[in-house]
Each structure stands twice: as C-alpha cells, then as structure tokens.
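There is one chain below, alone, in structure tokens, taken in the form predicted on its own.
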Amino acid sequence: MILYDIVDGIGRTVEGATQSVTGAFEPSIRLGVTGLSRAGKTVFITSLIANLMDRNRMGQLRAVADGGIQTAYLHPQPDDTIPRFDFETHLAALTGAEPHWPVSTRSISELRLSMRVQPTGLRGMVSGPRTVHLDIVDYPGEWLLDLGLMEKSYAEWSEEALRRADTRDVGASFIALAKATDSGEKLDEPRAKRIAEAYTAYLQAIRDAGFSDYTPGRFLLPGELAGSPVLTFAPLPMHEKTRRGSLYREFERRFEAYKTKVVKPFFRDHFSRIDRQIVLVDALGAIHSGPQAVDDLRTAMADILGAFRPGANAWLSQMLFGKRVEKILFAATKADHLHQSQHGRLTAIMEALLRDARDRADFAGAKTQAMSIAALRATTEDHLQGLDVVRGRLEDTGKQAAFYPGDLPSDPAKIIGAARDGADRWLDAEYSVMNFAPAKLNLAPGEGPPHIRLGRAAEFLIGDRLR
C-alpha cells in the first residue's frame, strides 16, 4: 500500500508538471460548479456558456467590454472518462418554443469552452492572440459537503446528526427508530438496511424542507453504489459496550469505508484539480423555510470553507501537492424572484453569511466573495398597489402572475441573528417563494439568454485569466 501511494503520488506530480508545460502555451482554467439544494446549477452552466459564446449581455466581464475575447467555441474536453455536460439539450430546453427548466444532472460532468483572447495593455502590444480553455466541472453539492466528514469520527458525526434530527419534525420517525435500536447487539443486515433506509428518507425530507446538511451526500445520489454496504449505515447513539460484530461497530466501519472509498477518490481525482469554485445557494428558499433553514445554511457554508482551508486537512493537502483553489464565489441564485430594489439586501445577507462562515471556519485561504445573481432571468419588474413586484409565467399552470415575496430587512443581522438564536419563525415578517417557468425568448444575433450579474460573477471567477 505504501509503495502504491508513492508511485501514485509520483505519477500525479509528473502529470501535473506535464500539464503545466502544456498550459504555458494554451492555459486552462478549471472551474468547479456546485450548488446546494435547488440552486440552479445546470441553468447556471448553460447560461454562462451561451453568454460567453454570444457576449452582447456580458459587458460586466472586462475581457468582453474591452474586446479582448475575439471568439469562443466548444472544444473536446480533456477528460475522456467524465460524462460531457449536455449543453445543447439544456440550452434547447431554456430557449425553445415552450421553454422549461432542464433536467438536473445527478453526477459529475464536464465541458470545455475555448476562447481566443487578445491581451490588452502593454502585453497586448508585444503578443498576439492566445487560446484560453475554460474547463467547467459540474458536480453535486452533496459531494462537496461530504468533505466535512473527513475530519470527523463516526461518534462525532452521529452525535451531531442525531442532535439536529431531534430538533426537526421531519426527523421524529428516524429519531424514534434510532433510540429504539440497541446498537450493541449483533449486526443483523435486514435491520441495518431498515435503519439506513429510514435515515435516507429523513435526508430527503430535510432537503425538501430547505435544509442543507444532507450528508452523506451519496445517500441521495447513490448511482451504482445503491444497496452496497458502504451506503448501508446511519448515525446511532454510542453504546457503552460495543463489541466486535455489533451493529454500532459495523456502522462505524462502514462510515470509515465511505470516507476512504467514496469521498477520497472524488476529491483526489476531481476536486484537487480545480482552480476556481462557485457555490450556488438558494438563499431565498432558505429564508422562506425559516430561521432554522438559514442557520443550517450558515453551517453548510462554514463546512464548505473549512474544506478549502489550507493546511487544516492534512490528507487533502497531500493530494494537492501545493495546489490551492484561488477563488471561491458564493452566489445567491434566483435574484430575478425579487425586484431590483431588493437585490442589494439579498447580497448583503449573503455577504453576512459568508463573513459568519469565514469566522466559524477560521478561514484564511482563497479569495472569497458573495453576490446575488440570476443565471437566467425569468421575470420582469412592475409596481403594483404600492409594492415592487415581479411578473412571470407560473411553472405549474403556465399563467402569468405578479409576485411579491416580502420585504427583506435592510439590516442582514435581523436574518442572521434570528437564525443563530434558533428562532422557530421570523418575528415580524413572512417571506414567500414562487416557482416561475423560463420566459419565452426572442434573442437577437449575438445575444445570450437574459440574466442578472452573470458577467460580474464571471469577472470575479475568471476575468484575471483573460487579460
């Protein structure tokens, strides 16, 4: 095993050196895109690619504003074993005669966009155009949250998971089963399966309720691992006497196997190669679900930043060979569900959540930023009966409707404070969400789909590499 690790490490170092030499001639940016529940990951990637190919709406990206990007085109991706992101099908869903939201991807995928860029300034005077490759790696947010498990023992994870479940109505059934289980008794596979299925049902329920702590993530996206022992465990109270072969000891072993055989390979093969990262967040959905969902989002963001913290994760540092993610953007999506008069308030709430996450994770590493965006604008704005509203086509009926989600506070501390204090509900306000369908589009030549601040997000993530 030690010899394998040494050979594997040398091989990866050589591979990285080779890529560096190649990158000197045609540099590449590897952008990781992930999202917490219902954040619009597929729509973001589709709209970003479409708007980089047809750039008339991307003036907030400096390389577009100054004419640096001469052309952009899809190119075969560098990883032959990763499924290709189905850009064409997703774009057709958003821009067709009867537009609809594309089917969400449930595993990792990749797409390469190649851009011909003319450097500006003094550099542009002495060099000609160059090709820059943008490799977008799409992966479920559940997988990123799993990195937080790496530094926890089974006992620690069980204690945290059971404590959270005990405070939620949707957790009552699983908590009753866990408390009624004698974890010190001999392992019985049918009973182990029932407990794991009950915990999976609980994770599905909290995701539907707007919470973010649904780990282990592969329980919700099992793929080829469905039914395997590595996904047949759950948190259990610690038993005073846990002999070998007991249910508790076997669940502990499977928890460690999950980390070793599921989590580590993903981060070794994919996460360790990412240069820039965007985490999409349905902050409005969390606010609508109440203070506990926002508090859960606070924890999830801190766990994510903890995953990127240099030096804190020794096992990950060994995989990275000194490489670090350079920038992380936390983007609140669905800004088009608010009138522009409230966009600044949503951004302020995201910035406050990010500051809180930095403090909780003791984070000092990649450059971070928070903003509010809409990768595809599905609404228009209006003023109705003294309220700033948005209008759009309802997803369930197809009818046009005006919508007022509630007035976000000008002071984000009112949201963060209530979440931190464990309040059951907002004291002086109610917030609503509406499911809008994509609007029918009539795009002029050179125009990508309409959006809100997608260019600004691209400028933060990749703008410096396009100049």
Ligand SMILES: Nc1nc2c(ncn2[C@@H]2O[C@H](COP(=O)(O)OP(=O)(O)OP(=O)(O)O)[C@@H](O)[C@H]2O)c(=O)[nH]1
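Because the structure is predicted, anything quoted here is derived from the model rather than measured. Note that residue numbering follows the sequence shown and begins at 1.
Another form exists, predicted together with this ligand; not displayed. Remarks below refer to it.
Taking the partner from elsewhere, I69 is found to have every heavy atom lying beyond 4.5 Å of this ligand in the predicted bound form. S153 falls outside the set of residues with a heavy atom inside 4.5 Å of this ligand in the predicted bound form. Among heavy atoms of S104, some come within 4.5 Å of this ligand in the predicted bound form. Among heavy atoms of R57, none comes within 4.5 Å of this ligand in the predicted bound form. In summary, the region of this chain contacting this ligand in the predicted bound form, judged by heavy atoms within 4.5 Å and restricted to 422 to 430, 399 to 407, 48 to 56, 30 to 38, corresponds to 30 to 38. Among the residues A234, L329, L145, A378, the one placing a heavy atom within 4.5 Å of this ligand in the predicted bound form is A378.
A374 is the sole member of V279, I274, A374, L354 with a non-hydrogen atom lying within 4.5 angstroms of this ligand in the predicted bound form. Although this ligand is not shown here, in the predicted bound form the stretch 324 to 345 places heavy atoms of K334, D336, H337 within 4.5 Å of it, in sequence order.
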